[in-house]
Every structure is written in C-alpha cells, then in structure tokens.
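First comes one chain, alone, set out as structure tokens in the form predicted on its own.
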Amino acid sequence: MKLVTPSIWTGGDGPDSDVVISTRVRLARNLQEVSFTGRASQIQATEAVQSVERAIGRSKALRELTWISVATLTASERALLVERGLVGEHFASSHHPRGMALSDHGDLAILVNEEDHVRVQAVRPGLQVEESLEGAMAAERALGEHLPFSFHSRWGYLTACPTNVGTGLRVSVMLHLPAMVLGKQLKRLEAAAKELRLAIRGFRGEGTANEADLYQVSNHVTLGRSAQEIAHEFATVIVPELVEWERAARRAYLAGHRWRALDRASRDLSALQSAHLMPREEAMRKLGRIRHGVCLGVIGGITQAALRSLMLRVQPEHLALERPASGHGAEAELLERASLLREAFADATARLPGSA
C-alpha cells in the first residue's frame, strides 16, 4: 500500500485550530440498478467496485488518486487506515468486495461498498467546511460523468440510511473540548445537539468512545436543504458558537484556577518526560490534557501541530511503522511509546501564563 500521511494530523494549522482539529465532508451516492451494499450479491458488489475503479481511471480530475484493493491489504495496513481516520473498523474488516482511492495526503478519499456504493470524503485541518464541500463535490461531479447515480426527483439522492437521503451530505468537525469537560458543560452541548439535530460521536466516529476530550459533531438530517445551505450554517453559525463555548470555558478555568492549571500541566508533562512504559489510552489522555495546557498558555516548547502528529504516532500500527522494535511484544510497544514521548517533550516546560 502506498503510504498516505493525512494532512489533518501532520499538516499546518487550519482556521480555529485551537478547538477544531479537522473538518470532514462526506457525500453518499449509490449506483442505479444495483442493490444497496447491504443487500447486494457478491457479483453485484464486485461489479460496483470495478465500475468505480474504471470511472476513476477515465477521469482526468481523479486519475492521480491511488487505487487500493482493500482485500489485498495486510491486517497492519488496514489498521493504519483506521488509525488515520480514513476508514472505519467495519469497512476495514469486512469480507465484502470493497475498494478505495486516496490522494497523496489523505485529504480526498473515495470509498466503494461501505454503507453506500460510493462515499466521497474530503478532509481539511481546522474549520474549513465550505472548502471541504467544494473538494468533495468536485470529485463527485467527476465520478458522475462516468457513473449513473441513483436520484429521485422528489427525494434527491437515494441512500442506504434514510437519514442521508436528499443531499447525501454529512458534515463533521472534530472538536477538542477539554475545558467544557472540566467544567461539566457537555450537557449544554448535548442540549444544543438535540435542538439543532446534530449527532455527537467519539474519537473514531459512530459507536466509539471519547478520547483526549475529542468529539465529532455532525449534521443528522440532509433532506429538504441544499448541501451549500447545510455547509454554510455549519461553518458560520453552529461550529463558531461551539468554538466560543469552549474558549469561554478555557478563559473561565484559567481565571479561576491559574495554579491548578499549572499544577495539572506540570504533573502531566512530568509523566510524559519520565515514563518508561506508556499504554496508548494513557498517552492519548495526557496528550489531550497537554494540548489544553498549550492552548491555555501554561505549557511551552511544543506546538499544536506537533501534538496532533503525536496523537497519530502513538497509535499501535503507526508506532510499529516508525519504531519496528515496538512490534515485538506488548511490553516493547509500551517502551517505544514512552521513549517517543520522552523525546518529543524533552524541551517542553510548564509556567504561569505571562511569566518568563
């Protein structure tokens, strides 16, 4: 498999990146006269994969994407894709015929035979909803020149899940909300989600838990509005309000608990600088807290971009790829992860904001 490095983890900071880690826009499409993926026969599923692969090869706009036959990947290669957030666990482990095409930096992906025949997804760092939509729609239009998508004059694009019928659009942002968690304000987010018909998910999406105080927030309904209307509201109303809630919670925490913030940051930083065994779950928890400290100004000597990269590098398959010794037993993995973190935080320091 061609090594793909997702720009959201290793690229530069995007707009509002202190709170918004990344933006993902996904368009679901299905082929005419072909049963939905969950009901398709092996022959139909194979034909769907072949049809999309041919369409990508014929399209000048998509020809530079790398085609991947998922069934031919090793377990480690599939796990790498999951860790990078490019595919879900079900897609990676399914025995159904499936394939995907990826850009060099993972900012554009076309998945074939996930829940729908085609899922086009564009990802950008920070808050870039309309830019992500433009990238996804350009790829969808290029595919549509060679593939007949299932469309109803009244209902719009037909999808396997009824909540996606209409535009087939899912806009999702990954938010870092440590201050809201500390201030026990997540009920406020849940109330807003219910009122605005949003979905809140964990670090890796649907059915996964929160890690490092990272949450995915996405639209839940796509019918009755255009993709541009949904994206514009997300970009200019919904997400900016959530961003301000988190920033306000950070300001309140720092104003009322300066020494507690410093103590918390110092303890977490000391642990990462001295530990010799580090489980993945603990590493993610501490990286999330360190990132909070950087945003508060109580930790210096490491950047948000470096922290994002570390959140990827501490994952088991990425750690094994970077440090092959970590692949030789459970304790070796813990040792190598701790070593990676000690090196990364060697020059980091904790101090009160504004102090020398």
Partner chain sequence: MRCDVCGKPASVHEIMINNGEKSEVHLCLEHAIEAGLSIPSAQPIAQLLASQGKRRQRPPVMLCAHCGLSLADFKKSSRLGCAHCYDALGEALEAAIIATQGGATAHHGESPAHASVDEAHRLTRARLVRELEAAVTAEQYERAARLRDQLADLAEARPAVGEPSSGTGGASESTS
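Worth saying up front: this structure is predicted, and the values here are computed from it rather than measured. Residue numbers count along the first chain shown, from 1.
The same protein has a further form, the form predicted together with its partner chain, not shown here; the description that follows concerns it.
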Of these, 231-239, 135-143, 100-108, 70-78, which stretch puts a heavy atom within 4.5 angstroms of its partner chain in the predicted complex? 135-143
Counting heavy atoms only and using a 4.5 Å cut-off, do Thr159, Val165 and Gly224 all touch its partner chain in the predicted complex? yes
Close approach of Glu47 to its partner chain in the predicted complex, 4.5 Å, heavy atom: yes
Glu331 within 4.5 Å of its partner chain in the predicted complex, heavy atoms: no
Mark Ala248 yes when one of its heavy atoms lies within 4.5 Å of a heavy atom of its partner chain in the predicted complex, and no otherwise. no
Check Arg267 for me: does it contact its partner chain in the predicted complex (non-hydrogen atoms, 4.5 angstroms)? no
Which of Ser51, Gln315, Ser59, Ser309 has a heavy atom within 4.5 Å of its partner chain in the predicted complex? Ser51
Taking its partner chain in the predicted complex as the reference, which of Gln128, Gln185, Ser172, Ser150 has a non-hydrogen atom within 4.5 Å? Ser150
